[in-house]
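The chain that follows stands alone, in the form predicted on its own, written as structure tokens.
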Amino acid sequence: MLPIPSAHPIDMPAFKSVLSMPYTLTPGKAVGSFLAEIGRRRIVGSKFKKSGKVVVPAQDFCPFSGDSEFELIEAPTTGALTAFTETDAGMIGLIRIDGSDVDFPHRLVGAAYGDLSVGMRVEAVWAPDVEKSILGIEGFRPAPNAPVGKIRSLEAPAAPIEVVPYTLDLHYEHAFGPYYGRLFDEIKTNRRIMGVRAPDGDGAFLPPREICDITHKPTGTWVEVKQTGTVRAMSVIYLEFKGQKQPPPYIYAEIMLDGATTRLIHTVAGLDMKRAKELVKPGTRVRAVWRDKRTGSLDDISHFEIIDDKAG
């Protein structure tokens, strides 16, 4: 029997990871035109036919009437500051572009908080080498002598941008805690797979955890489970999708390691994939194959390979 978790040193650093969410944005005609004209250093708005309202930046629907019929207009690059605040990322303001009926939120540049006042005249500052993005406008700066501009028809409009590719990255650090911490520490250091005993039996929970999911009772002492086990469920993956660690086809399996009462999800490999459905099925005996590289994660197990019952 091995010590309880609190008696074991926790020396693994937090797990640094990135959650990436790539997606494509369909901006629509109005916003697509606004983005397309940024490269030409023109600010585009919408003038709605029924309400007569002008909205800058351009939108497909009137925020006052819901009207969807509009003409694209070229707005001036000047306006008035209607509100502002200071954030950790800099100064943010609401700018009423001359001729517009709505405010345009954007950064304020070239001024400190104390230099600003509501009603102040401002003008756009263009960012060099930025196209097809609202960041093509670096921000708005004070321009006390800027004349009041007028909207006008948009001449020779650029074709709207139809699709904008985006990637949202969420950087985070995951603290393993005493249970996952020891599991990964033992995998990296000793090539042992550790679980904790169930509250009412000798079977081990893997991954280890503090509380039983069913009874909500505290789990017991640490126990090393075997590196052999039995496939309880499996799928042959043929479909290619984002985030895969290996190209298909491969076998994704739920494996009950000997001594464990819960299933570990991993891959089964080292076989003729043309015979995958014949060779791997519920009840197939497998064992872990370790990688040479030690990272302190389940990826240290390259895959599980088929064995016979006697070998297990």
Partner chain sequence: MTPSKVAVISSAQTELRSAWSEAQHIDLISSVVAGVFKGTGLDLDDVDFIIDSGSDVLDGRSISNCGFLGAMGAHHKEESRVEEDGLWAALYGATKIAAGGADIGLIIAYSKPSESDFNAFYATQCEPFYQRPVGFDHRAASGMQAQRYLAKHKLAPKDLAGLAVKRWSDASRYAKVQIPSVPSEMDVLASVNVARPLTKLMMSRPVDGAVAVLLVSEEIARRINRTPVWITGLGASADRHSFAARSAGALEACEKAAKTAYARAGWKRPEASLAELGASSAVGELMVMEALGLAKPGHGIDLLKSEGGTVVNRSGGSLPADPIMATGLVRLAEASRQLLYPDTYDLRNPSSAIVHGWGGVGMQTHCVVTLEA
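None of these values were measured; they are calculated from a predicted model. Residue numbers count along the first chain shown, from 1.
The same protein has a further form, the form predicted in complex with the partner chain, not shown here; the description that follows concerns it.
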**Asked** Closest heavy atom of Ala159 to the partner chain in the predicted complex, within 4.5 Å or not?
**Response** no
**Request:** Answer yes if any heavy atom of Arg107 is within 4.5 Å of a heavy atom of the partner chain in the predicted complex; otherwise answer no.
**Result:** yes
**Prompt:** Taking heavy atoms only, is Thr82 within 4.5 angstroms of the partner chain in the predicted complex?
**Reply:** yes
**Message:** Can you work out whether Glu131 and the partner chain are in contact in the predicted complex, taking contact to mean some heavy atom pair no more than 4.5 Å apart?
**Reply:** no
**in the predicted complex, segment of 160-168, 122-130, 220-228, 189-197 with a heavy atom within 4.5 Å of the partner chain** = 160-168
**Message:** To verify the annotation, which of these, Val54, Leu257, Val31, Ala276, has a non-hydrogen atom within 4.5 Å of the partner chain in the predicted complex?
**Reply:** Val31
**Request:** Name the residue from Glu240, Glu210, Glu71, Glu155 that puts a heavy atom within 4.5 Å of the partner chain in the predicted complex.
**Result:** Glu210
**Prompt:** Going through 81-115 from first to last, which residues have a non-hydrogen atom within 4.5 Å of the partner chain in the predicted complex?
**Reply:** Thr82, Ala83, Phe84, Thr85, Glu86, Thr87, Asp88, Ala89, Ile92, Gly93, Leu94, Val102, Asp103, Pro105, His106, Arg107, Tyr113
